[in-house]
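Before any questions on how it binds or moves, here is one chain, the form predicted alone, in C-alpha cells.
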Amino acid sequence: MHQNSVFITAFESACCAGLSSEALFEAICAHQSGIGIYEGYVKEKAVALGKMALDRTLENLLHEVCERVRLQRGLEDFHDTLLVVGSSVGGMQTTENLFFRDHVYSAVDPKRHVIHSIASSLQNIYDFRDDLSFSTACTSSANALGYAYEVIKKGVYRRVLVVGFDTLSYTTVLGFHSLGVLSTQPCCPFDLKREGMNVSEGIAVLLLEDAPQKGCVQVKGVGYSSDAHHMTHPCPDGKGAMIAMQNALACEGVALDAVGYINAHGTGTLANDSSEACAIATLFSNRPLVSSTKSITGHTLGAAGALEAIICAMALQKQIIPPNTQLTNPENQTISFVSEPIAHAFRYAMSNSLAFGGNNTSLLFGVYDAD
C-alpha cells in the first residue's frame, strides 16, 4: 500500500530562551540560558525555572505563534487542517490564578482547566477541521507529532498543525519538588555535578503536510515504547528508550549509523540522564553527536517534544549541531557530547522524549532533497 511522505513545512516557537525559533537557536549556540532563579514557588526556597518575560498573556502569545506559522506557510486559514495539541498542564494555571485571587473555587470554569482548553481556544479563532489533545506528561507533544505523522502517512489528513503548550503551574512545580528533582541552578544534563531539572513554560507550533515546500524538513519516523519500569523512574539500563529509538528508525528503514545528531531528553535528573545515556551508548556504535538543550530552555514538559523537534529541524536546515551547555564532566564518557556549535554535514537527527510511567517517544527527522 502506498504511504505518503511527511514534511515539516513551517514552525515557530516561544520559550524563556527566545520568543522566536531563530532567537532560540541563537541562544543555544551562544550558551545563553533563559533560566532564572525564582522565589515564591517553593516555600522558603529559591528554584531555577524557565519563565518568559511577557507584556501579554500566554494564551495571546500562543495565538500569535500560530499566526506566524500560518503566515510563514502562506495559508489563508486552517479550515482543512487537523489540530493536535500536546500538553501536560492544560489550563491549570488559569485555575490557580483564580483560586489564589478569590480563595474559593466558585469562579473556576472546568472547561478552562482541562487539557482540551488549549484546542478550544484555538478552535475559536481558526475553525480547524477537527482537533485532538494528548496529555502523556513529558511526551505529550512528541506523541502529538507522532500521531500527525501517522495520519498523514496513511492519507487520513493532508495537513496537521501540532501545538506543544505548557505553562508554569504551581501544581506542577511543587509536584516535581516533592520528587526531589528540582534544581536550584540552571540544569547541567549528563554532568556528574547535576542536581536536577528546571520546570519551564513554552510554546512550539509545527505544520506537517504530505507535500514538500522549499526548505522543509522530512519526518522519517516515530517510535514508541512503554517499559512501565516505575511510576516516575526510567529503567536504569535504558531499554525503553532504546526500543523507542529502534522503532523510529524502522519506520522508513533508516540505518543506525545514518543518524548524525541526537537531541537527548536530558533533563538533568540523576535517573533520567544515566538511563538515556546508557540507551544511546548501547544502541549507537557509530557515536552520533549528542546534546541536551534543556540547560538553555529548561524542561517545557508537554511542550518539550515539539520544541526540540523544531531545534532538530533547524539543525538540519542550518547543518549546525547545537551544543550542550554546562557539561564539563560527563558521567558517561562513551558518548560524543558536543560542547560548542559545530558546522557538520549530516542527514538525520533524532529527538527523544521520555516520560513518567516509562512511556517513551523518539522522533526521526531528515534532510529533504528535492529532485
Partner chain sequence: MRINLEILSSAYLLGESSAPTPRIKELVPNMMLRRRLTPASKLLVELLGSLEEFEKGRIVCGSAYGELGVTASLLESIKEETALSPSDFQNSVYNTAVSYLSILTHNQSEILTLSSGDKTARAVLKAGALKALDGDVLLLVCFETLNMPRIAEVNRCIDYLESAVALVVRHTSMEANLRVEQSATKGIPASISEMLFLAQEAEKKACVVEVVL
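Everything numeric here is computed off the predicted structure, so don't read it as measured data. Residue numbers count along the first chain shown, from 1.
As for the form predicted together with the partner chain, it is not shown, yet the points below apply to it.
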query: Contact residue in the predicted complex, from T184, S285, S178, N124 (heavy atom within 4.5 Å of the partner chain); finding: S178
query: The single option of S274, Q213, S135, Q246 touching the partner chain in the predicted complex, heavy atom within 4.5 Å; finding: S135
query: Contact of E195 with the partner chain in the predicted complex (heavy atom, 4.5 Å); finding: no
query: Exercise: L71 in contact with the partner chain in the predicted complex, heavy atom 4.5 Å; finding: no
query: V114: touches the partner chain in the predicted complex, heavy atom cutoff 4.5 angstroms; finding: yes
query: Exercise: T269 in contact with the partner chain in the predicted complex, heavy atom 4.5 Å; finding: no
query: Location of the partner chain contact in the predicted complex, chosen stretch of 141-149, 292-300, 184-192, 255-263 [non-hydrogen atom, 4.5 Å]; finding: 141-149
query: Site test, C312, E331 and S351 vs the partner chain in the predicted complex, non-hydrogen atom cutoff 4.5 Å; finding: no
query: Residues in 91-109 close to the partner chain in the predicted complex, defined by a heavy atom within 4.5 Å, in order; finding: M92, T95, E96, F99, F100, H103, V104, Y105, S106, V108
